Ligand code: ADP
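In structure tokens, the next block holds one chain alone, the form predicted alone.
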Amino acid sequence: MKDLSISARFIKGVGPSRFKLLNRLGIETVEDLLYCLPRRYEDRTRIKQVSAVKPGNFETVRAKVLTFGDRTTRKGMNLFQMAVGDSTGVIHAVWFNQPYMKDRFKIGQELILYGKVEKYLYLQINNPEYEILTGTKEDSISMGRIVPVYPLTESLNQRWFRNIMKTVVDEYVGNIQEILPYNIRKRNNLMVLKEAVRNIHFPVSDIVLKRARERLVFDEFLLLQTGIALKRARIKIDLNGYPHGLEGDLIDKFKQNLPFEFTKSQAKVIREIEEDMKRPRPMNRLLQGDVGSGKTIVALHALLLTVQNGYQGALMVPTEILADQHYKNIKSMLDGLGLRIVQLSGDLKPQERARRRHMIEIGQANLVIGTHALIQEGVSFKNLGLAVIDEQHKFGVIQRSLLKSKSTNPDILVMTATPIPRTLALTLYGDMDVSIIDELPPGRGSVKTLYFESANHGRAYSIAYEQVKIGRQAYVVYPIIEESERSDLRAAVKMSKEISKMFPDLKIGLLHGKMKSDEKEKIMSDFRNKAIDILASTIVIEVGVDVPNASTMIVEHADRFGLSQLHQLRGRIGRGRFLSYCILMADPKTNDARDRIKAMLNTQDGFRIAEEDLEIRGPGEFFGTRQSGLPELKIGNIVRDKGILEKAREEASELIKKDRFLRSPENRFLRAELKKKFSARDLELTAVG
């Protein structure tokens, strides 16, 4: 049996220099090559004649080079143009700013060209992919079949890589070890793994390619869901946490001080959290709720429950502005309850930082609120019972686990105001229990969302001015801080000066992430106290900032922001009892940008926004692997392949029920693959051992 772990360097045709290029793609071994999957396919069994291609379609043609040359346009752009043709007609291939292309072709060469056909004065393909046919055996891999197209660096060409892949598949695919037990393969009608790998690279038909892909997608999802199921089983069975009693007067006094009643949804979530916290195993719960739904007050209830039981509570937030806001609000709400609340931030003077750390270490601090400063070396808790992580998607998995490590299995509550679609939540947080606050507190004003092109700039700002004149305040948000020569985006610094000129009778403030903490704190304090009418800012105000008097949000270059970011920004207004306006200023140039604007105009439901965002961006960008701590999906797509994902989740659940440690002989190869795919730190797979 041939070893799949041997270096790809020793494959015929690779060698030292090309091996370095393969390394850039993450390829080191033969196994890495086998699982470097095509990004798309070209059906070259149906190559069209030039006369049959249609403008607007992506087409593949086979033609000969007739003539070529390059020229410089009036704007200084280099244009390399080549006429190719067959017996039925001529089509032009054009490459922009690539003058070196003229050295790659010769008159009479036969080519395969692939790209989108456009109709100008004549038929044209802009920047097409191409291959030069040589009349060698390599042509048989690239012609007359469904041809794989791989994600390569510029220095590697498709023909060479395809030839290498054919060699590797022919020589090594027979040595691939099947990882799934037979009963799972049979139950789900799955192709044998080695045949799936062979046909994902060189499929004999569309139907076989579909089945090969289904098998590899299933494997990816099963490994992912089994890893998550193992973590969930470990938390529920193995770990001893801090059981909390629900009796005590601290919570009662807190409720008596509140000027409002919990909503039904908040009360339901509080009961779920209490049930978790009274158990001997550690709580591991995700709390979802739209912007302004009252997650923080629910988290505070949980923090007081841990304090009532003699433990410490910690709240970690992504920005110092939010930490400062939470500290002030919580201190005010808990006034008179005799608690010590400590704020820990990165900009404290050494002596004060040491003093506060000492209070935390000896247990004098009941509640600790801070940014990533909470997880720095030197911060020790006496008895941390509950860690709350707010806006969890802003923290990487390592940061979250560092806070968790400040105690022995504390209860964990992570919160997000960026709603996560159910499909994605079950994938990313299958190891967690999920609570959802699905209603807003009464008395909130409605928000009207408007869209203006930049030509209507004055109209947008007149709305803000009118709102300020009746006693309200406004935000104006920009995607960048300073303008640069390479960018046409309006910058916060410059535009704050322009707004001052536009409205000389108003007080204009400026806020961005590069300011010192005390400067940011002063600006936000002035804005809260109505000493600033219009606050020009960057995305730094996206999360958690709460100024009920602000009624207008103008987002400049709204097409440059993500959909979830736009929804978060809109959540900064509508917090008072009056009508508010979210104004999106943009000249969108792409379909995705137009779709984001359309979604914002169509709904204010955060969960619908999240579904739209997932459809537009895809799961790979919605949450990066750095944030989730999960292995990257190479072929599976949790939106498109939802059905396969559900089947894989069911199989993973059954696997762990029947063989929790995957010790049985039929599961040994799956167990070995899990240990390769996941790091113990990321998913704590100690059960696999």
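Note that residue numbering begins at 1 and tracks the sequence as displayed. All figures in this text were calculated on a predicted structure; none of them were measured in a lab.
From this point on, the text means the form predicted in complex with the ligand, which you will not see here.
Figure note: of the listed segments 582 to 590, 285 to 293, 93 to 101, 72 to 80, the one touching the ligand in the model of the complex, with heavy atoms no more than 4.5 Å away, is 285 to 293.
Annotated contacts: K2, Y35 and V169 are all free of the ligand in the model of the complex [non-hydrogen atom within 4.5 angstroms]. When you look in the model of the complex, the only residue of H201, H557, R575, K231 with a non-hydrogen atom within 4.5 Å of the ligand is R575. This chain lacks the partner; the member of G85, P318, G248, P441 within 4.5 angstroms of the ligand in the model of the complex by a non-hydrogen atom is P441. Heavy atoms of Q266 reach within 4.5 Å of the ligand in the model of the complex, making it an interface residue. At the 4.5 Å threshold, heavy atoms of F607 stay clear of the ligand in the model of the complex, well away from it. Although the partner is absent from this view, D546 contacts the ligand in the model of the complex, with a non-hydrogen atom inside 4.5 angstroms. A residue is said to contact a partner when one of its heavy atoms sits within 4.5 Å of a partner heavy atom; F262 meets this definition for the ligand in the model of the complex.
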